[in-house]
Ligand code: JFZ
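What follows is a single chain, given as structure tokens, in the form predicted alone.
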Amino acid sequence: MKQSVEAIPVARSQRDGAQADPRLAWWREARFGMFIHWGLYALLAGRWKGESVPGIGEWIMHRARIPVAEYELLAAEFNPIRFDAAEWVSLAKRAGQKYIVITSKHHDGFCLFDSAVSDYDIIDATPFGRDPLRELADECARQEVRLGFYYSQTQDWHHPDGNGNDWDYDESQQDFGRYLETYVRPQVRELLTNYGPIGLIWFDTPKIISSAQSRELVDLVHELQPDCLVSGRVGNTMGDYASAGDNVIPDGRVDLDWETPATINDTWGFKADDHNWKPAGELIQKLVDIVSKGGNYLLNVGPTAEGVIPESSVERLLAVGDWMQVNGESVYGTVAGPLQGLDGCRCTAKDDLVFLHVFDWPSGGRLEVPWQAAPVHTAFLLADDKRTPLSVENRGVSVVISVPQRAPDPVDTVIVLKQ
């Protein structure tokens, strides 16, 4: 097995001093969260006027260049009567996810919450007549899951002063500063005053936002809720933690607090013809890969317009949860392990324990890994409740562990090393 300790930069890096900020303690402990992309785009499900629109589902307004006057009519049809906040939060818990982040307003400008700033929201513009963010906030409190809100602070294809819509509006005539002051900041204030304690605000696609404007948003969030975190996509290196690109996993350890947002299939918002579902085993290994490099995994679901999380997503999340029931100790609250760049193996650590995640089980009942730290005194399988010791041979530059001939877990068998 080869080893490398080279770290690579993560986009939209963490602000200076944030790594010493105690507000991040819960987020580092969590390591695994649920992203939810839900809005009017779920009604279209990837099709416009009978034609399939390429690309991700929540970008259909932009990709098909749908006029505001036509797109906003979808609100009258949005009636997700099968939405059940308790089911959604319970699914996250059973999957082993410790926090939820939901799109309060995506780039299409529709607000999934009751806003006094705009009538283009789920209470005023739809027949549904309920505030799903309120219901999720209440349910997250009951089930002890942290809640966060995604909010598109720069792109807004519905608002005349928002960024990104060049088919309805003349961008040279737009006043982005006015949009931030009279629309974004008041709505962020609503989100952070009307729904109880919020774990984080997940801003996105900073684009034209200036450093001063990013700073003002961060300051507003911390003023309203001092413990609320701000994602790195607020822009201009102002976030409390950094963000990797969508579905991007760095090649090596990153010495920042960072997160990878990722999809289970190819889209974020629901798209009826996207059946490219990643196997549960791949999702488990991606989670472990990310955590082994010091990051968090924010794994997305895209509910239907009726408010149902697709069964293919549910099945995979429950399978990940089954693995986490047995192996969660090797994920929650861990840091990047001392062994990096190993083929077929990842490494996490916590206190005096090192967790070897073996994806490719060795033949011959013998696993050898590079090891130049203090000698390993004890090794056992994490899934073994009896903690039966495995034979260990310290060789100075490596350690050899006697293991079962067959992998106890074909996806990821975790071996605990104690020095």
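Here the structure is a predicted model, which is why all the values come from computation and not from measurement. Note that residue numbering begins at 1 and tracks the sequence as displayed.
What comes next is about the form predicted together with this ligand, which does not appear here.
Residues within 4.5 angstroms of this ligand in the predicted complex, judged by any non-hydrogen atom, belong to 199-207 and to none of the other stretches in 199-207, 73-81, 159-167, 329-337. None of Glu135, Asp246, Asp322, Asp227 but one reaches within 4.5 angstroms of this ligand in the predicted complex through a heavy atom, and that residue is Asp246.
With the partner removed from view, the residue among Arg346, Arg316, His106, Lys271 that has a non-hydrogen atom within 4.5 Å of this ligand in the predicted complex turns out to be His106. Although the partner is absent here, Trp59 lies within 4.5 Å of this ligand in the predicted complex, judged by heavy atoms. The closest heavy atom approach of His357 to this ligand in the predicted complex falls outside 4.5 Å.
Though the partner is left out of this view, His37 does reach within 4.5 Å of this ligand in the predicted complex, counting heavy atoms only. For the chain shown alone, Phe110 is not a contact residue for this ligand in the predicted complex, no non-hydrogen atom being within 4.5 angstroms. Shown here without this ligand, the chain has only Tyr150 in 148-162 lying with a heavy atom within 4.5 Å of that partner in the predicted complex.
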